[in-house]
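There is one chain below, alone, in C-alpha cells, taken in the form predicted alone.
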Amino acid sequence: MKNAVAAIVAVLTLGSVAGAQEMTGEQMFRQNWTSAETASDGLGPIYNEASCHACHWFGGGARIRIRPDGEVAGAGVLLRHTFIDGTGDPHYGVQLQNKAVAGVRPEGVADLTALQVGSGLTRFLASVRFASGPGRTADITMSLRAAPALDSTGLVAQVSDTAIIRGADSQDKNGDGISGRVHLLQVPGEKPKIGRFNWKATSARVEDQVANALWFDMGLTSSRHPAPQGECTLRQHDCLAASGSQSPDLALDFDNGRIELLADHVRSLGLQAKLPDAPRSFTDAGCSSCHKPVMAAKAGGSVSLYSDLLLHDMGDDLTSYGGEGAALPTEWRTTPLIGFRGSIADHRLLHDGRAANIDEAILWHGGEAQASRDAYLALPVSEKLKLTSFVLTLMSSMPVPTRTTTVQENR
C-alpha cells in the first residue's frame, strides 16, 4: 500500500484525482486538483476553482473587497443564470464557469460593481463577458452566490428532522407573521428528504453538498454526479470533446469513500462553543423567531445554532429571481449565526455578500422579517449596539482553524 505522501505525489504526477485513495479529508479539501493529460477524469473541463480551500478559506466563506472605484474583487463568488423555474441556461447551464482546462474556452467572466442604493446600503451589479458562445438567453435571470462559511456545518448535521418539522408554520397559524417552511427535497426513486444545507436548504446531507460542489465548481465526478463533462451542455462542443463524454465506464474522480472523508472533514470544522446570553433586544425585536437559540439534536440534547433551518420569505429586495428546488425566489434558509466568520478578513454577509456588517444585513431584511427590521430601527442606539455586538460574538464564537497537516499543492 502506498502511504499518504506517495498518494499525493501520484496525484500531482498524473494531474488527476487518480491515486488519491489515501489522502485525508483535509488534504482533499486543500488540494489544488488538475486535469488528466490522457484521460477524461480530473478537473474540468470547465470549472470555477481548483480546490475547496480557494472558496472556503480555512473553512470560511467568500472573501469580498470593494475597491475605491466600486469594482468588486472576490474569491468564492459565483453567478447563477436560470429561468424562473430554476432550470439553467440552454447554453451555459445553471452556473457560469469562468475557468477551463487547456484547449477549452471558459464560459465567461462576471465583472462585479458595487452600487449605492440608499440608506448606506450596497447592491452588487454583475456584467458578464461571455467567451464561449452567445450572450445571455432571453428571460434568463442572474443571481450572485457567495460561498457560505462551513463552520456550522457539523452542528447543522446534528439537528433532528423532527426539530426542523416542528418549527415550521407555513400557514402562520400562530399569527406572529412568521411562516417558515421545510424545504422538502424530492429525489427520484428515493423518499423525500429535508433540506438543511446551503443558502436555500437545497441539500439534505453533507455528502450531497460536497458532491454538488465538486461537480459544479470543479468538474469532479462522483456517484451523485457521474457525468465527466461536468456542467457543460450539449451546445458546448469543445467542452464535450475534452471530457471524452462518449467513453463509457469512466472511473469516478471521487468514490463514496472519498466523498465520506471529505464530508467528515467539513463536519469537523466547527465545534459547539460556550455562548453568551442574548440581550433582551434580540428577543424583543423578534430576531429569535427565526434565529432560534437551540434545536433538538438527533442523538439527544440540543444544538445551539441560532437558526430554525427553515425557508422564509425575505421580501423582494433579497429575491434571487430563479427558483431552486421548491424554494421560491424570495425564500432563504435562516442562516446560522454560530461560527468563526466574524474573524475572517473580507467576510461579508447575506447570500451575495452585499452586507458589510450586521447592521446592513438587518436593514436588508424584508418579507416575514420586515417587522423585526422595523423593531430594530426603533431601538435606541445603545440597544442596537448591544444586539449587533451579541451577533458578532456569536459569529466569532469558534476559533479560526489553523493548518494542522502539511499538504503539497500544485501552484
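The first residue of the sequence shown is number 1, and the count goes up from there. Quick caveat, the model's predicted, so the values are computed rather than measured.
Below: the form predicted in complex with ligand HEC, not depicted.
The closest heavy atom approach of residue 35 to ligand HEC in the predicted bound form falls outside 4.5 Å. Remark: residue 26 does not count among the residues lining ligand HEC in the predicted bound form, judged by a heavy atom distance of 4.5 Å or less. Proximity of residue 214 to ligand HEC in the predicted bound form falls within the 4.5 Å heavy atom cutoff. Taking the partner from the other structure, ligand HEC in the predicted bound form has a heavy atom within 4.5 Å of a heavy atom of residue 52. Three-residue candidate spot 198, 286 and 362; every residue lies within 4.5 angstroms of ligand HEC in the predicted bound form by at least one non-hydrogen atom. The partner is absent here, but in the predicted bound form a heavy atom of 148, alone among 230, 93, 167, 148, sits within 4.5 Å of ligand HEC. Contact with ligand HEC, judged by heavy atoms within 4.5 Å in the predicted bound form, is confined among 233-241, 101-109, 324-332, 133-141 to 324-332. Looking at 66-82, the residues that come within 4.5 Å of ligand HEC in the predicted bound form, counting any heavy atom, are 76, 78, 80.
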